[in-house]
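Just one chain follows, in the form predicted alone, and it is written as structure tokens.
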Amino acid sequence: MADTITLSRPVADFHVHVRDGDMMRLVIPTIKQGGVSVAYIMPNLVPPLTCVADVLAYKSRLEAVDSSISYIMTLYLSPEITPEVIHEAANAGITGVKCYPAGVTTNSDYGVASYIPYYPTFAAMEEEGMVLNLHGECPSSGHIHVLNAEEEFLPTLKDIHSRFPRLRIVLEHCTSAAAVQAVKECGPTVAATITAHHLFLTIDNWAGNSLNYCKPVAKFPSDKQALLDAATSGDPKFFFGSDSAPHPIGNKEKGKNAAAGVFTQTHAAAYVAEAFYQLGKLDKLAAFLCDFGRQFYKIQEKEPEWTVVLRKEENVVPALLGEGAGAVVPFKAGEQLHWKVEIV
């Protein structure tokens, strides 16, 4: 097994949270640090990004921090996202629309209660070739809870797909064997992202440890194995989306109502390489990290003037990114990885 892996092109991360203000300025430099040159930016700011002008202004703020990254921008699905806005967004180069069920995760209070009112919007997206990004969970209620919320959502995924078969849909951050199977059963316009942290975590890793708590939550060992199998399968329906989600340390460690999200941006490629290395599947790494997502999204980004090399050497994850109350705890803080990202 090789001790050095040179990726044919840098990583494309199709699910990135960088927030705004001071947190944005802290996090943006870590995108390249993790080996990523294409970052698909989530719109769940406060307030959320629901108009084209605000999305473009946000992109300008990102580029002011690091213009070497290709930022792929999205709108937040809400009543403001009409078919007319979709056509305006497509003309402005905005790629996707993120759908959050109301109240299921960070900054989702403005999210969707019913999908029916958005059918005209979905039709416009299908016409324009825009991508619908689904946070695939149902809100907790009655028999629905955090462990089955994703599986309970899957009929909704299939229903939207059947109504809009040409609409490209990404089921974000799969966490269950059921989700993997559902994506496989859909047509070629449906794909899924898999995070780095879900390749390592099960319920035992976050129950009682809020640093590993994210939404959707990690589930059972059989679910983790299904994600590993999908990510290393060479199936182009499954590609990388880190869902790297920075939160100030106090919001992660406060116990009840701790923030949902795991921060992986600093070591994005190294985490995934670690998981593939443990399975002896490093030959599948570049396709998952670099190729399949670009193909599905039809990305034509500017060619970066740098190369990503993964070297097999000791790499201890730092305890913190930043200082003081705004510091962020990286995934696997203090632990040793076998792979290290080098930008050349």
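Note that residue numbering begins at 1 and tracks the sequence as displayed. Just so you know, these numbers come straight off a predicted model, no measurement behind them.
One more form of this protein should be noted, the form predicted in complex with a further copy of the same chain, which is absent from this view; the next part is about it.
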In the model of the complex, do 142, 207 and 258 all put a heavy atom within 4.5 Å of a further copy of the same chain? yes
Note: a further copy of the same chain not shown here; in the model of the complex, the stretch from 113-121, 262-270, 220-228, 181-189 having heavy atoms within 4.5 Å of it is 220-228
With a further copy of the same chain left out of view, choose which of 167, 199, 85, 203 has a non-hydrogen atom within 4.5 angstroms of it in the model of the complex. 203
Taking a further copy of the same chain in the model of the complex as the reference, which of 211, 160, 81, 177 has a non-hydrogen atom within 4.5 Å? 211
Residue 109, heavy atom within 4.5 angstroms of a further copy of the same chain in the model of the complex: no
4.5 Å heavy atom contact, residue 333 to a further copy of the same chain in the model of the complex: yes
Is residue 154 near a further copy of the same chain? Define near as a heavy atom within 4.5 Å, in the model of the complex. no
Considering non-hydrogen atoms and a 4.5 Å limit, does a further copy of the same chain approach residue 237 in the model of the complex? no
